Structure formats: C-alpha cells, structure tokens
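In structure tokens, the next block holds one chain alone, the form predicted on its own.
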Amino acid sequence: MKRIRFKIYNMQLALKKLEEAFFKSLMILSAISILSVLLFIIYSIVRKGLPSLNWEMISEIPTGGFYLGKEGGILNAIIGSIYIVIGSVIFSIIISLPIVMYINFHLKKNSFYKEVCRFSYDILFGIPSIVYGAFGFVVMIYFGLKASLLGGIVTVGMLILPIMIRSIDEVARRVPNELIETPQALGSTKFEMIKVIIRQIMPGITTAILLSVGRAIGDAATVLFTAGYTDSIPTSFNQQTATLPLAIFFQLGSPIEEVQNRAYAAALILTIIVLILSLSARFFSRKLSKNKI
C-alpha cells in the first residue's frame, strides 16, 4: 500500500514539474515573440527612415511641394506633438488627482459609489480613440469652435484621463491607513496630509504619465478632427496644429517613394521622442521615490 501511495505521489510531483516547465516555456516563448516583433518594427523604421533623416527635416517647416518630394521638414509636426502631449498631460493630471484623492481618501472603504467610479473608468479605458475624436468634434461643432490646438489638447486629455486615473488609483489604494491617520492625529491639515500622500504615490503618478505620453503622442484618431493640420507652428491655442502621427499618415499615403521614406524618418523621430520622455520620467521617478516611506 505504501509503495502504491509513493508511486502516486511521484506521479503527481512529475505532473506538477511538467506543468511548471510547460508554462515557463510558454512565458519565455511569449516574451521572445513580443521582443522579436518590437525589434522587427524598430529595424524596419531605422532601415527605411535613417537614410532620409537629416537636420533639414528636423529644423524646418514644410515648404511648397514638401509632400511631393521637395524641400522642407516636419518641425511643425514635432512642435505640435510636444504641445499636445504636454498640454493633455497637464490637463488630465489636474482632473485625475482630485478624483483619485476623493475616491480613495474621502469615500468609505466599502462605498458602492467608489466601485461604480472604477468600473466606469475601466469602460472609458477601452473605448477606441476614434470615438473620443468624434465626440470632441461633435462638442466643438455644438459650441461653434473650429479645429485648434486647444481642441486637440482637450480631446487627447480626455483620452488619457482614464489611463491616468486607474494607474494612480492602483497605487493610491495601497497607501497604508497609518499614513493617513498619523498626520491627522498630529493635527495636520488636509492639505498637509495630501502632500504626504502625493509623495507616497509619486512612482504611480510617474507611471501614469509614462503610459499617457506613449498613448497621447502616437494617437492620430483623436487629433484628426479636433487639432486640424497646418504647415506652420501654432502661436496660440486657437490655431490649428500638425502632429507627427498625422504627418506620417499623410506621407505614407503618397505614391512617391521619397515621401514614403520620409514617413519612416518621421516615425523614427517619434520613437526617439517617446524614448527620451520615458527615460526622463524614469530618472525623475527614481529621484522622487527617495521620499517614499
């Protein structure tokens, strides 16, 4: 009897090891597949875009016939993308931080309203960006507004708002109660308590900004109807602005090969900007994380 039990135990142990090895292999295969696709995309962009990339393309705005293969650059799209990313991130932080503070540190733990809020943001998170673009366009028509930098900032800000809220919320809900109760017991004001909490959740805020920047700078659907497109650099919120995703879209649609290669060069610039912003955010995140308790 003991021998039979011992054999069954060994078989169960062997099955568990086999299962563990299977899922480990599956995870490694998935990681290699994703990395391979990423490297292939970067290789394609660099191979086709690097020969067309030059200082003139980065430092000049389009001149007449740029989209027919003549002189000029995409400085207007680079500046426009940076304007929209910075503006939309500031817009969404101003709205998302009070919301996160309210649902985590004002509502009760078992509040039904809190769960409804989170569920709503999860739904908004999954809505396609073209819907946000169409919604922003309809609202602008209702108020008699034209496509402009401000319209692009607000619409992209709405797009990244659920990302910002849910990312910060996941960190805020893990803040220990002692960190909230201790300042109150010492007679601190709510504003002072919020300053302590913001320091604690700063890595979450940085992660939210990283995710938002990546989504905001690469999205074309939200700005297609709301930000417009122009060959000049906007000097006010009421003017139309160009963006890198739309510049890539318009150049790729050209039948001229030289213009198509410029689209890959623009994609390379977009990738480099995202990389610089990501590395900068990680650097500042580490600096600010020193204050974490």
Partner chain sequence: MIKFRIVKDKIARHTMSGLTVLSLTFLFLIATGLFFKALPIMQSKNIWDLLSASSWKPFKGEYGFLPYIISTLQVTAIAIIIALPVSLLTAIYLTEYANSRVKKIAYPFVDVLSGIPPVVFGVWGIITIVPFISDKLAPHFVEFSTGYTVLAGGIVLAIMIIPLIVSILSELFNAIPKEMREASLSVGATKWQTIKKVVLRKSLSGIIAAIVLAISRAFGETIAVLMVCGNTAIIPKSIFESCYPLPALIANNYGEMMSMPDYESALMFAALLLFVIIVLFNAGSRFILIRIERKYAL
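Positions refer to the first chain, counted from 1. Everything quoted here is computed from the prediction, not taken from an experiment. So that the term is clear: the rigid core is the largest set of C-alpha atoms that superpose within 1.5 Å between two forms.
Omitted from view is the form predicted in complex with the partner chain, to which the following refers.
Colleague: Answer for F237 alone: is it within 4.5 Å of the partner chain in the model of the complex, judged on heavy atom distances?
Modeller: Close contact is absent here: in the model of the complex, F237 is far from the partner chain, nothing within 4.5 Å, heavy atoms only.
Colleague: Answer with yes or no whether I58 is in contact with the partner chain in the model of the complex, where contact means some heavy atom within 4.5 Å.
Modeller: Although the partner chain is absent here, I58 would stay clear of it in the model of the complex, with no heavy atoms inside 4.5 Å.
Colleague: Would S33 count as a contact of the partner chain in the model of the complex, using a 4.5 angstroms cut-off between non-hydrogen atoms?
Modeller: Although the partner chain is absent here, S33 would touch it in the model of the complex, with heavy atoms inside 4.5 Å.
Colleague: Is there any non-hydrogen atom of I233 lying within 4.5 Å of the partner chain in the model of the complex?
Modeller: Taking the distances in the model of the complex, the answer for I233 is no, it never comes within 4.5 Å of the partner chain.
Colleague: Tell me, please, which stretch of 115-123, 200-208, 144-152, 75-83 lies within 4.5 angstroms of the partner chain in the model of the complex when heavy atoms are compared?
Modeller: Of the stretches listed, the one contacting the partner is 115-123.
Colleague: Judged by heavy atom distances of 4.5 Å or less, which residues of 27-57 approach the partner chain in the model of the complex?
Modeller: Read in sequence order, the residues that approach the partner chain (within 4.5 Å, in the model of the complex) are M27, I28, S30, A31, S33, I34, L35, V37, L38, L39, F40, I41, S44, I45, K48.
Colleague: For R118, is the CA shift between this form and the one not shown at least 2 Å following rigid-core superposition?
Modeller: No; R118 is a residue whose C-alpha shifts by less than 2 Å between this form and the one not shown when the cores are overlaid.
Colleague: At a 2 Å cut-off on C-alpha positions, does S30 qualify as shifted between this form and the one not shown after fitting the rigid core?
Modeller: After core superposition, the C-alpha of S30 moves 2 Å or more between this form and the one not shown.
Colleague: Taking the rigid core as the superposition reference, indicate whether the CA of F143 shifts 2 angstroms or more between this form and the one not shown.
Modeller: No; that C-alpha moves by less than 2 Å between this form and the one not shown.
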